[in-house]
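The chain below stands alone, shown as C-alpha cells; this is the form predicted on its own.
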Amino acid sequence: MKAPLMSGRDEALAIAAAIRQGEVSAVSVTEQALAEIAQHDGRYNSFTTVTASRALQEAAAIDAARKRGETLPPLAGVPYAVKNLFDIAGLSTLAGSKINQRHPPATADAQLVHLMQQAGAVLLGALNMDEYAYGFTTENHHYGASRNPHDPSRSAGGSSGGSAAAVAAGFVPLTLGSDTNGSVRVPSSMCGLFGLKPTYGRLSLQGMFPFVHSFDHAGLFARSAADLSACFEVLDSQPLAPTDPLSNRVARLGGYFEQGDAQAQAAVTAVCDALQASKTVELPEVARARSAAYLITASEGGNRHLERLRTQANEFDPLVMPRLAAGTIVPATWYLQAQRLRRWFFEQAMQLFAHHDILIAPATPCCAQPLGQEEMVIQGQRMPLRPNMGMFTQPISFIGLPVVAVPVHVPGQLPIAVQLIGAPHQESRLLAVAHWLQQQSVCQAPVVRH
C-alpha cells in the first residue's frame, strides 16, 4: 500500500481513525489493498487464498454503519489476513498441507477471526506457512516458499512466514499467526516486525488446526507496537493495564543466549542500552530444556498425524514427513521425563522473575538466510539452519511465557529482532516497553516499498 495512511507508524489505528472520521471509505482502503496484493504478491507468495468478495462485503458494511451514524468498532475497516491454519467459513483449512485440500470447507470462522470481524477488521485472505506448522522457513513443497520482502532471495521465516511477509510488504497492517516453538518470533525477526506470542492459553485456539497441544499459541504481527496492542486487546477481549515502561527491572539473558552472531548480539545490546539493563543473568539447563521441547513436539506432532502417516505418507511435504514419522516412536518414558523437566524449568524461570520484570534475548541467531540453504555458521560453528533458527525461541515456548519480538534495523543490514520476555500474563508490561522502544527509534518496522 502506498496511500498516505500507510505511513509505517500505527497504521491500523490510523486507518480506523480515518474511516471513522470519514476521510476515506473502508471500501476504498480494501480495494487498494486487494490491488496491491494482486500486483505484487507474486514476488513474495504470502497469500494462498485472497477472499476478495468477503473483504468487500465486510468493508461495505462498515461504510454503511458509518453513514447510519453508528459508533464504529476499534479496528473498523482495517485490512488483515490470517495464517491458513485458522478456519475461515467457506474455505478448507489447509494448514499448509496438500492432504487438507480434501477437507470440507469450514462452517464457521475460528474464534479469533470472529473477534476480528466483531472489531470491524476486514479479512483479505489466508496466508502461506510451513506444512502443519512444522518448520522455521516457510519453504512449502506444495504452495511454494514465502519470500522475504527485504530480500526476496531469502526466507521470510516460519512457520508463519506468509503472515510476516504480508505485513512487511505493506499488504496489510495486521496478521494473525501461530507460535509453537517460535513461529511468530522467528518470522518477526526475519522480516523486521513487531510480533506477540502471548502467555500460553491466553488466546483462544478454537478453530485453529492444532500441532502440539503443550505449546500451541495464537500470535500476531504488526509494524507498530501500538497496532499490536490494539489488536491484542480485541483478541483478549479486555483492555491492557496501564504500565510505566521505564519502571521495569530488566536483565539480559546470558550463557546459552549468547550464541548468536555479532548482529544478533548487537541488537540485544542496543535494546539493553536503551533500557539501561546492565545486569546479565542465566537460565539453567537451557539446552536440555530445548531438547525436551523437541521430544514433546515430535511426540505430540507425530501422534496427531499418525493415521495420515500410515495412509498418505507420500502426500506430506518431504521436509516435514520424516520428522513427524520419527515422533511417532518416541518412548513414553522420554516424553514423561521431558514434561517433568518442563515443570522444573518453569520454576527456574519464575525464580528469575522474582527479581526481574523483563528478560532480554535474541530472537534468532542471525538474520534471514537464503532460501534453500541447509546450514549456517554461527560463531565459527556449522549447524543445520532450519531447526536452529528457533534455538532462542523454543526454550521460551517450552514454558509458555509471553514474548514481544521487537525489530532492530541497522542501515545496510537486514533486520533482526530481540525478545522481550515476561512472566505469565505480563503482556501489558512488554507491549508498553515495545512501544517506548519504537518511540525512541531503537526499534522500528518500516514497510518495504515495491
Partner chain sequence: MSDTPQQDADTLVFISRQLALHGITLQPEDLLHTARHYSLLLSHAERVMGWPLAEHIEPAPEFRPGDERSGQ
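As the structure is a prediction and not an experimental result, all values here were calculated from the model. Positions refer to the first chain, counted from 1.
Another form exists, predicted together with the partner chain; not displayed. Remarks below refer to it.
Judged by heavy atoms within 4.5 Å of the partner chain in the model of the complex, the contact stretch among the candidates 315 to 323, 365 to 373, 180 to 188, 96 to 104 is 315 to 323. Scanning 60, 50, 414, 423 against the partner chain in the model of the complex with a 4.5 Å heavy atom cut-off leaves one residue, 423. Only one of the listed residues (330, 115, 89, 266) places a non-hydrogen atom within 4.5 angstroms of the partner chain in the model of the complex, and that residue is 330. None of the heavy atoms of residue 37 is located within 4.5 Å of the partner chain in the model of the complex. Though the partner is left out of this view, residue 200 does reach within 4.5 Å of the partner chain in the model of the complex, counting heavy atoms only. None of the heavy atoms of residue 55 is located within 4.5 Å of the partner chain in the model of the complex. By the criterion of a heavy atom within 4.5 Å, residue 29 is excluded from the residues contacting the partner chain in the model of the complex. With contact defined as any non-hydrogen atom lying within 4.5 angstroms of the partner chain in the model of the complex, the contacting residues in 260 to 289 are 285, 287, 288, given in sequence order.
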